[in-house]
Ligand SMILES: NC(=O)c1ccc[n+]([C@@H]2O[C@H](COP(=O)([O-])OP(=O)(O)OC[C@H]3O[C@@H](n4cnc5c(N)ncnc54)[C@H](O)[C@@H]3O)[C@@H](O)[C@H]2O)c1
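Starting off, we have a lone chain in the form predicted on its own, written out as C-alpha cells.
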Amino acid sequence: MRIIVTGGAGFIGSHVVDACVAAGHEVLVMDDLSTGNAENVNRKARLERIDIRDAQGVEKVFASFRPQIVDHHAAQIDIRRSVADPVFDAEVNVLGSISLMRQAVQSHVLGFIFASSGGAIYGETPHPAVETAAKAPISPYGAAKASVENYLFAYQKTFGLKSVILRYANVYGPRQDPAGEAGVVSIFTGALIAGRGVTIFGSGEQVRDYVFVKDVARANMLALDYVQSSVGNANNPDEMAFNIASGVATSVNELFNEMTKIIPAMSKPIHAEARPGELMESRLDVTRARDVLSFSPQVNFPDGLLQTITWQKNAKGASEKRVH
C-alpha cells in the first residue's frame, strides 16, 4: 500500500511510519518539522516538508505519490497553547485536517485514519469511558479533536470517505522530547536523568491511562486492515472510533514513584498550581478495540518506562558527545 503519514517525523507518527515500513508498505511522510525531527524518519520512507494547511502543497504531494491510505497524525498537540491561542490550534487541527480530507476525497484514497484524543474529548471520566460516552472536552485542543471526528463522519456520509478514528490515551515512549510539549513521562524522565527536581502540577492525584507508543503503532496497523475491509456505513462518529489505551489508570504520584524505582530522585517532587484545561480523571475502556480490532496492549508499564528511560539516557549521551 502507498501510505501518507502526516506528522511522521514526530513522536507517535515516526513509530507509525516504522510499523508501516516493517509491514512492507511504501510510505511518504508529510511534516513541516515545526516540532518533528527529520532524524526520526525511517530511511525507507520519503519525507516532504510541508504544512498541512498548505492546500496547494498538499495537492501536489497527493498527485505525485497517489496515496491509497492517509494516516493523519500532524497536529498542534500542546493543550496549554490551545488555551492560550485557540485560533492557531483550530487552524492547524481543524482546518488543516479538513484540507487533508478534501484532498483524500479528490484523490480517491481507500481509507483515512485519524489520531484523535481519548484523553481530551471525553472530559472528566471517573469511570472508564466507552466510545459512546458523552463528549465534554474542557480544552480547545479537545474541542478541535472532537470537531474533526464530526467532519470525518460528515465526509463519510457525503463523500464516502472510509475512516477510522483512534482515540489515544496518554502515549509515552522513545522519541518523545522532554524539552518540547511532552507527556509527563518524558518530562519526569528528563528531570530525573539530569538530577533536577520534579514538578507536579496540582495534587498529583490526577489519573491518566498511559499507553506505550509501540502499542499505539500496532493499533494503527490493525486500523489499516480494518479500514480496507470492514468499515461499514457508520451512523455516528462513535461507530468509527476506538479507544487505544492500556485500560489501567495511574495517578501522577504513582507514576513518579514507579519511575524513581528506575532512577532514584534527588528530592521529593515540588507541587505547583494546577494548570487550566487539564483533567483530574481520564480513564478509557478498551473493550471495543479488543473485540473489533483485536487490539490489546503488549508492553506493561514498568517495561515501557524502562525502555523510555533507556532511550532518553542514550539520546542525552549522544547529544553531549556531539557538543563536545
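Just so it is clear, the model here is predicted, and its values are computed rather than measured. One rule holds for the numbers: they count along the sequence shown, beginning at 1.
As for the form predicted together with the ligand, it is not shown, yet the points below apply to it.
- The ligand is not drawn, but in the model of the complex it has a heavy atom within 4.5 Å of Asp51.
- In the model of the complex, no heavy atom of Ser139 sits within 4.5 Å of the ligand.
- Heavy atoms of Ala74 reach within 4.5 Å of the ligand in the model of the complex, making it an interface residue.
- For Val17, no non-hydrogen atom is located within 4.5 Å of the ligand in the model of the complex, even though that partner is not displayed.
- The stretch from 192-200, 169-177, 153-161, 234-242 that comes within 4.5 Å of the ligand in the model of the complex, counting heavy atoms only, is 169-177.
- Think of it this way: in the model of the complex, the ligand has a heavy atom of just one of Ala115, Met101, Val109, Leu224 within 4.5 Å, and the residue is Ala115.
- Checking Asp285, Glu258, Asp32, Glu281 for any heavy atom within 4.5 Å of the ligand in the model of the complex turns up a single hit: Asp32.
- In the model of the complex, the residues of 9-29 lying within 4.5 Å of the ligand by at least one heavy atom are, in order, Ala9, Gly10, Phe11, Ile12, Gly13.
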